[in-house]
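One chain comes next, on its own, written as structure tokens: the form predicted alone.
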Amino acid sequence: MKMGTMKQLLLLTDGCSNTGEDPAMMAAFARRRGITVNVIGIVDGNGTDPGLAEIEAIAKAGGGESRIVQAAALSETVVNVTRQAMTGTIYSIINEELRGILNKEANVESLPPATRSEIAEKVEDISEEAALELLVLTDMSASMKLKLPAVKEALYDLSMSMQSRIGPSSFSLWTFPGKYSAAEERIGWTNDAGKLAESFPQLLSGGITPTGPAIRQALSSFMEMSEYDEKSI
């Protein structure tokens, strides 16, 4: 199976968007362009925040994973969601190929146990070896201020995990709202995962939560990356 570059947008947020386009619509737009949108909702208490439904809707529209966690559990969740999304992408491709070869109802789960085990091992190898483009989009609205130390720690752990991969990886960090626009690029595309957490000590939280416009603006970075890759061939 030929595996192209896996493209992921990881959204870290704790509240409802309150201006601009519907973020789920923008996540669906990303999915149509081969970019998986994963969302981690960071909560303070018992997980009854009204923004939780939106978090799940964004991830569903973007074909990705969603998790609701307290700040203390953020680091492990960020790493797991990123890796699970890679695995999910690979299984989706395998299932699509199976349906083309066998029938419309075919999928990995319908195969004999021994065959499923072989595929699972192959999927793990591919997820480590395939090229990855990961853009982290972090909510910096006012309510996130006390959660920023946990976000920084989570991105540090993510960077350590990603550096252990065999395949080529590129990373970018965006935050929203930006000073003059919906979102702002903090770290341009780099192969050094360690840079993901570097700029956080200087970041200040803002007011509004333009999640939809922020996703739209961050997606332009993937387009620029694709253009760069084409020119490099």
Partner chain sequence: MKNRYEASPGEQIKGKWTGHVWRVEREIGRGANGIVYLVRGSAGRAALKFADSASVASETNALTALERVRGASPGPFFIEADDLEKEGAVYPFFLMEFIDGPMLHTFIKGKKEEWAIILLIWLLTFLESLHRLGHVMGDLKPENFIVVSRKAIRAVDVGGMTKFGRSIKEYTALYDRAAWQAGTRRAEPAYDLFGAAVLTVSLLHKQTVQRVLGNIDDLKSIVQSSPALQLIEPVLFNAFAGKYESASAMKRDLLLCFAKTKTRTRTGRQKRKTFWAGKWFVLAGALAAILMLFLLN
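Predicted model only: the values in this text are computed from it and were never measured. Residue numbers count along the first chain shown, from 1.
We do not show the form predicted in complex with the partner chain, though everything after this point is about it.
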(message) Can you tell me which of 28-36, 55-63, 160-168, 175-183 lies within 4.5 Å of the partner chain in the model of the complex, counting heavy atoms only?
(response) 160-168
(message) Within 4.5 Å of the partner chain in the model of the complex - does that hold for a heavy atom of every one of 67, 113 and 124?
(response) yes
(message) Taking the partner chain as it sits in the model of the complex, is residue 117 in contact with it (heavy atom to heavy atom, 4.5 Å or less)?
(response) yes
(request) Although the partner chain is absent from this view, report whether residue 97 comes within 4.5 Å of it in the model of the complex, heavy atoms only. (result) no
(message) So, residue 73 and the partner chain: in the model of the complex, are they within 4.5 Å at any heavy atom pair?
(response) no
(message) So, residue 79 and the partner chain: in the model of the complex, are they within 4.5 Å at any heavy atom pair?
(response) yes
